[in-house]
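As a starting point, one isolated chain is supplied in C-alpha cells, in the form predicted alone.
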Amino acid sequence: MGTSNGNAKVKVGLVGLGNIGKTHMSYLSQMDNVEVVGVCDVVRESADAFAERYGTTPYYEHIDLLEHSGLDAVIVAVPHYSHVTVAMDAFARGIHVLCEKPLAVHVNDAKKMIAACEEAKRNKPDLQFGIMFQERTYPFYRKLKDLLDHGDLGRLTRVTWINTTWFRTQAYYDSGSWRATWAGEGGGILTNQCPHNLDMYQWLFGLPARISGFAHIGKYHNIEVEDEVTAYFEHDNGMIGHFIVTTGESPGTNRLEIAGEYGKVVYEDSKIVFYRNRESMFKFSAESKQGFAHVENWYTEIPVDVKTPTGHHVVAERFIDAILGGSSELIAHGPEGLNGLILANGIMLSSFKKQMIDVPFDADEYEGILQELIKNSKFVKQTAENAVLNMSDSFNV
C-alpha cells in the first residue's frame, strides 16, 4: 500500500447490486478507509435490502446517489451499456470512478467516457478513473508480464490462447432478461466473460495491426449473441496471435503458449513452463549446417509467488489509496479499457464483414451494425429468475 493518511476515509457509493455488486459490497464493508454512504439499484427491493444489511442509504436512481449521498467515489457495477451514463455523470460532478469491465460496449462509448474524464480533470487534476481488471493482480499473469518485459523470450513469433473454461448453461443465460442480448448486454462471450482475457492479451502483447474474427451466434445456446469465437491477429513486429474462446465446452482448457526467439513459455494448470533455447532460434536457423537440427532447449518450471494478495479488493485498495494521496499506482487506469474493447469490437466487425480488418478500424461502422442488430432483433428472451449464480465460480485463471 501507499503512504496515505491512515485515519482518513473515502466516502464510496455502489451502483448496481447484482451478482458482481455483492462481491464489491463484501470487501468494501471490510475496508477501514472506506465509508459506504449509499447503494443504488433500479430494483428497489435490492437497494433496500443492501442498505439495511450494511447500514447505509438506499437509492434507486444513480443521479440521486451522486448528488445527495456526499460520496467521493463511485463503483460502477451496472449492466454494460449503463457504464457510460453513470461514469460520465460522476465525472461531471468531480467524482472518482472505478468501473467494472468492460469499460463500455463499443469503442465510441469508451472514447466518450475517456473524454469526459479528461474534461473533469481540467478542474480536478487528481481525479481517479480506474477499471476493475483484477486479473492483472494474479501472480501467474504478473510473472508472464515480468518475463516479457525482461525480454527473456527475445523477439516473439506466436501467441496461442485457448480459453474454453467459460462454460455456461442455458439456465445462466436465462437468469436475467438483459443477458446475452444485443440491446441488454451488447454481445456475448467477448463482452461478458472475456474482457479480462482481451485486456490481458493487449497488456502482455499490445494491439495487433490486423484482425480476422470468426464468431458463431447462439451455436450452443438459445441466445442472439456470440458463444464461440476464434480470432487471428497479426502484429506489426511479425508476431501472430490466436484467440479461441467459447461458453459451450466442458471440460474446458485454459492454455497460453508464447513462442519466441529464445524458446516457448506455456501457462496451464497453475504452472508456467519455459522451454528455454540455448541460443537464438533465428541465429541457429541461419547458421546451422544440419537440415533437421533443433535448438537445444531446457525444461524450466518458473517459480511464482502465489501468496501475494489478489482480486477485486486489491484493485479497490489501490484506487482508494490513490484518492487519499498515497503512493499506490492503480492496477489499471480506466482509459486502458479501450484496448480490450478494440479487440472485441474488431473481432466482431471482422466476422460480420467476413474479412480481415485493419486496426484502428471504423468505430462508427461497428456501432452502426450494433444498432441495426438491436433495431431488427426478433429474439424473444426466455427468463428463469430462480437460477443459482455464484460469482466466485466465474473467476477463472
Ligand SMILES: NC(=O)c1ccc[n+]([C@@H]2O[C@H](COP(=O)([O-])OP(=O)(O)OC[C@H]3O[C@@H](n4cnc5c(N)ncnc54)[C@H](O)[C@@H]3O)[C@@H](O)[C@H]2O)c1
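Source: prediction; values computed, not measured. The first residue of the shown sequence is 1; numbering continues from there.
What comes next is about the form predicted together with the named molecule, which is not displayed.
The closest heavy atom approach of Pro102 to the named molecule in the predicted bound form falls within 4.5 Å. Though the partner is left out of this view, Ala332 does not reach within 4.5 Å of the named molecule in the predicted bound form, counting heavy atoms only.
In the predicted bound form, the named molecule sits within 4.5 Å of a heavy atom belonging to Gln134. Contact check for Met356: every heavy atom lies farther than 4.5 Å from the named molecule in the predicted bound form. For the named molecule in the predicted bound form, the listed stretch (117-125, 235-243, 71-79, 266-274) containing residues with heavy atoms inside 4.5 Å is 71-79. Site annotation in the predicted bound form: the residue of His96, His196, Arg318, His221 reaching within 4.5 Å of the named molecule with a heavy atom is His196.
Checking Ala363, Ile369, Ala51, Val42 for any heavy atom within 4.5 Å of the named molecule in the predicted bound form turns up a single hit: Val42. Here the marked residues Val15, Ile20 and His312 all reach the named molecule in the predicted bound form, each with a heavy atom within 4.5 angstroms. Shown without its partner, the chain has no residue in segment 318-349 with a non-hydrogen atom within 4.5 angstroms of the named molecule in the predicted bound form.
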